[in-house]
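What follows is a single chain, given as structure tokens, in the form predicted alone.
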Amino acid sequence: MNNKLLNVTNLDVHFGPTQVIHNVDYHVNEGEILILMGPNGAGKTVLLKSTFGLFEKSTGTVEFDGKVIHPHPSSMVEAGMSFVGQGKRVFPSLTIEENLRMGAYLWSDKKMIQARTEELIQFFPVLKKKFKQIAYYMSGGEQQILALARGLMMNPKLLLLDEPSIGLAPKIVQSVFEKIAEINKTFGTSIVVVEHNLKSLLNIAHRGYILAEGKMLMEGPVEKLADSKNLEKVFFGEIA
């Protein structure tokens, strides 16, 4: 049986007087790729950000790596969690090397930072090739790879990815998903992905949840969810 790396229970999230996440439970096992699915407005991104501590008006219990932890970005990073947001989030005026070093801002050991940087540019050859280039001049796909690499700098146990394919050409999307699968296999990193482009991601994910209107509707292996008529019904708004 897989061990739970992350276990979230009874999560409620409010935007002002409006409740957007309703008593949600979900977990992530060690070494798995988990996908959060649902139509626009289902609460997927809110759930991901709340787990990382980006929303203050949330209640519930978050247990990570065997310890109950109060979600806050700095405490989650220290505990071994990393978040990569939407939209190729890089520092455009910095070089690839400088962007990567920003991902290890909690480390003070220069040798450790250098070793991790070398490991990641070997893993992502495009970054090695353009190591001294300003990020602004990279293609959209290259910037997304850089964002992924920066999120991996501190060797997190859990990587949270919010819409990694957004704004990318179809051919680039496929290569990004392949790299996500490779990250999981090479580093043993558990990964949670919020993604609208399900076709390719369902081929690499192990398990998933379906959300609608801030509530969990289903969970299970991706084969079960992909074959379920409930997935189609959710995206066409036929059930809630």
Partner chain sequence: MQILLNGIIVGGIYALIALGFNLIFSSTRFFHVLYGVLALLGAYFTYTFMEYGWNFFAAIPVAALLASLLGVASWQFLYKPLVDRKASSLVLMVTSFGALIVVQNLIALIWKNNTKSISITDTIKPAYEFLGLNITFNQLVILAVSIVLMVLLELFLKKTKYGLAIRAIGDNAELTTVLGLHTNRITLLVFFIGTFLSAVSASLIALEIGARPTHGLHYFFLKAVIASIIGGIGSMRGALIGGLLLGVVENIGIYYLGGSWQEVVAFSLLTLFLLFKPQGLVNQMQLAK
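Predicted model, so just to flag it, every value in this text is computed and none were measured. Residue numbers count along the first chain shown, from 1.
Missing here is the form predicted in complex with the partner chain; even so, the following discussion is about that form.
Among residues of the shown chain, E98 is one whose heavy atoms approach the partner chain to within 4.5 Å in the predicted complex. In the predicted complex, at least one heavy atom of L94 sits within 4.5 Å of the partner chain. A residue is said to contact a partner when one of its heavy atoms sits within 4.5 Å of a partner heavy atom; Q122 fails this definition for the partner chain in the predicted complex, lying far away. Within 4.5 Å of any heavy atom of the partner chain in the predicted complex lies no heavy atom of G80. Here the chain stands by itself, but in the predicted complex one stretch of 46-54, 182-190, 204-212, 62-70, 46-54, has heavy atoms within 4.5 Å of the partner chain.
With the partner omitted here, the residue from M112, M102, V126, A169 that has a non-hydrogen atom within 4.5 angstroms of the partner chain in the predicted complex is M102. Contact residues in stretch 156-192 (any heavy atom within 4.5 Å of the partner chain, taken in the predicted complex) are absent; none meets the cut-off.
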